[in-house]
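Shown below, as structure tokens, is a lone chain in the form predicted on its own; questions about how it binds or moves come after it.
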Amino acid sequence: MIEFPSHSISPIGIIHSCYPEKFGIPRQPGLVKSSSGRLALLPPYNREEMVRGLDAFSHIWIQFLFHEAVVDGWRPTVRPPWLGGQKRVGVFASRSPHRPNYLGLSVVRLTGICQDKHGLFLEIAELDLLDQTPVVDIKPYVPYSDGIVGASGGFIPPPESVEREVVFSEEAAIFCRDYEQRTGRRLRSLICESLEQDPRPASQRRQMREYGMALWDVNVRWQAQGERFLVLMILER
């Protein structure tokens, strides 16, 4: 039996994301263009020389820990949402968080690198990462090798082409306007793009009920009406 040296992995940074809860996070990065956040590098990795040259790349790979899955343990088979949650496949044929080492991989757009008295940060967008996610590594995205032309996606389909209308109540529209003026965050676009992905589990897509979705520091109350989504109200969290 081959013996491997043991090695512990320590976080090099923490994600501060517009998604404080799992519900509402897009199933893949790049689907919600208005999603944003920052990666705060932790000591001793918050040194300028460690990210020197990274700003030449438009996108980066982030390797992270599915920290909220650890308590549930790993599973040899899972039910992917792409199969409606009805069919099991091997965990290594999925992107489930319930993996032996709980490691995830995501490509995000790098919008800036900043350093101030609070530390060193990577500004990121088009993300699918939960707030407070521990990051274990960063690598530049290299288009000629990472974007493989003609690659097969298996049972995972391309993004849906269904056009979904998102309508705001007068109260919700006013809240968005005031919130955006106060914070500079593109809340309305974030809500629209998140709902266009239909965050409901496949098993609930025939139900008529009200949902709550946390984005940044607000709770968005909404309801699906066929392929139309009505934003009822937005509340401070």
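Here the structure is a predicted model, which is why all the values come from computation and not from measurement. Residues carry their position along the shown sequence, with the first being 1.
Omitted here: the form predicted in complex with a small molecule. The next part is about that form.
Undergrad: With the cut-off set at 4.5 Å between non-hydrogen atoms, does residue 212 touch the small molecule in the predicted complex?
TA: Taking the distances in the predicted complex, the answer for residue 212 is no, it never comes within 4.5 Å of the small molecule.
Undergrad: Taking heavy atoms and a 4.5 Å cut-off, does residue 199 contact the small molecule in the predicted complex?
TA: No.
Undergrad: Would you please decide whether residue 67 lies within 4.5 angstroms of the small molecule in the predicted complex, comparing each non-hydrogen atom pair?
TA: Yes, residue 67 sits close enough to the small molecule in the predicted complex that at least one of its heavy atoms falls within 4.5 Å.
Undergrad: Find out whether any non-hydrogen atom of residue 18 is located within 4.5 angstroms of the small molecule in the predicted complex, and reply yes or no.
TA: Heavy-atom contact with the small molecule at 4.5 Å: absent for residue 18.
Undergrad: State the residue from 122, 125, 129, 78 whose non-hydrogen atoms include one within 4.5 Å of the small molecule in the predicted complex.
TA: Contact residue from the list: 129.
Undergrad: Only one of 148, 114, 142, 105 comes within 4.5 Å of the small molecule in the predicted complex by heavy atoms, so just point that one out.
TA: The option sitting close enough to the partner is 105.
Undergrad: Which one of these stretches, 28-36, 171-179, 184-192, 46-54, sits within 4.5 Å of the small molecule in the predicted complex when only heavy atoms are counted?
TA: Heavy-atom contact with the partner occurs in 28-36.
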